[in-house]
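Given as structure tokens, the chain that follows is alone and in the form predicted on its own.
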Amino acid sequence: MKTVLITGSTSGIGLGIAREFAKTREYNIIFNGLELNGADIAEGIGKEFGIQVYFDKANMLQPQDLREMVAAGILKFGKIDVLINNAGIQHVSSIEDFPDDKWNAIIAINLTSAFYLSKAVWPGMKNRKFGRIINIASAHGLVASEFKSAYVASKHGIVGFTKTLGLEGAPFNITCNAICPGYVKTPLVEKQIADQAKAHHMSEDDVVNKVMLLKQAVKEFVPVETLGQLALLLASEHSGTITGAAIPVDGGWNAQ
């Protein structure tokens, strides 16, 4: 059995990806999230698919929490083969009104936490000559939108970080790739719909149709199962020559 650590995996995209890994019954899963019932969520998936799970409530803002989560996961399962840096937050505001604390939190959670976790799992992956790091970036890691300065900066940063780790990991069979989704119907996006409606003085339906999906050729939210299946490919032994890539899953947004 391999072991995968997925941050922010008790809701949204992270939970969807965790379910796709669980369905294979080939992975132990280290869950992470701030939901109060996170341990129950992890246990439920473990029982549903007959796999071993571990839940850790490490806070992405606390580097020591992250190092301890990796150590605890290795103590329980012996190793971490796959790291999926998924945890993220968003805030929508014009630059002149953008709160300093929101900027700092978004950069810390969306970008800096991936540095601490990748650094923590790296020695074990290097020693075993196998590792897969998958960063959940965004279409906004490749293009920008108004009112999202911190989010766009963090996601562009994670794409650059991905490229560097791809180069550094190549001699040791450690790959690092970024998945860049368009809009996925998650609690984060549902909140964003409301925030955008307020910022643009529009109805929420108009935000979906005239703002969010406007730039996508395929006028649909991205299914979380698609992201999970792509992550499974990138986590596999067959993906050794895929590294340093930022892969759009955005309904053709970046093709335009």
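Start at 1 and count along the sequence shown; that's the residue number. Just so it is clear, the model here is predicted, and its values are computed rather than measured.
Not on display, but discussed next: the form predicted in complex with ligand NAD.
Within 4.5 Å of some heavy atom of ligand NAD in the predicted complex lies at least one heavy atom of residue 88.
In the predicted complex, residue 136 approaches ligand NAD with a heavy atom inside 4.5 Å. In the predicted complex, ligand NAD lies within 4.5 Å of some heavy atom of residue 35. The shortest heavy atom separation between residue 109 and ligand NAD in the predicted complex is within 4.5 Å. Taken together, the three residues 10, 58 and 189 all come within 4.5 Å of ligand NAD in the predicted complex, as judged by their closest heavy atom. Comment: ligand NAD is not present in this chain, but in the predicted complex one of 153, 170, 184, 159 has a heavy atom within 4.5 Å of it, namely 184. In summary, the region of this chain contacting ligand NAD in the predicted complex, judged by heavy atoms within 4.5 Å and restricted to 44-52, 202-210, 59-67, 23-31, corresponds to 59-67.
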